[in-house]
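One chain follows as structure tokens, the form predicted alone.
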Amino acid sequence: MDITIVFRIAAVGILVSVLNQVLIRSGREEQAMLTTLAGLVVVLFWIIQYISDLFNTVQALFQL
């Protein structure tokens, strides 16, 4: 696993939290929720390969 993925996830988290606070303060709660959801989806797309590799490793380890 590369360390850059951790930094990318952290950067998206910081960006989403700032956007979330700005949108909530301006009275746009719906857009804030959608921004948070979009950030979550982006991060999940980035880490889905790592999750797949983890399940394959566990499966090979226990020979299931």
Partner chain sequence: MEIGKIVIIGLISVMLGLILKKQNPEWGMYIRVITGILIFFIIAEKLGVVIDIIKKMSDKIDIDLVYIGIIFKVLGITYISEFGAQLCKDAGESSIASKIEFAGKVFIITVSAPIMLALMDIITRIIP
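In this text, all values refer to a predicted model and were calculated from it rather than measured experimentally. If you superpose the two forms and keep the largest set of C-alpha atoms that fall within 1.5 Å, you have the rigid core. Positions refer to the first chain, counted from 1.
What follows is about the form predicted together with the partner chain, which we do not show.
At the 4.5 Å threshold, heavy atoms of Gln31 stay clear of the partner chain in the model of the complex, well away from it. In the model of the complex, the partner chain stays beyond 4.5 Å of every heavy atom belonging to Val22. Taking a 4.5 Å heavy atom cutoff to the partner chain in the model of the complex, the contacting residues in 32-48 are Thr36, Gly39, Leu40, Val43, Leu44, Ile47. Core-aligned CA deviation for Phe45 between the shown form and the other one: less than 2 Å. Annotation for Leu54: C-alpha shift of 2 angstroms or more between the shown form and the other one, rigid core superposed.
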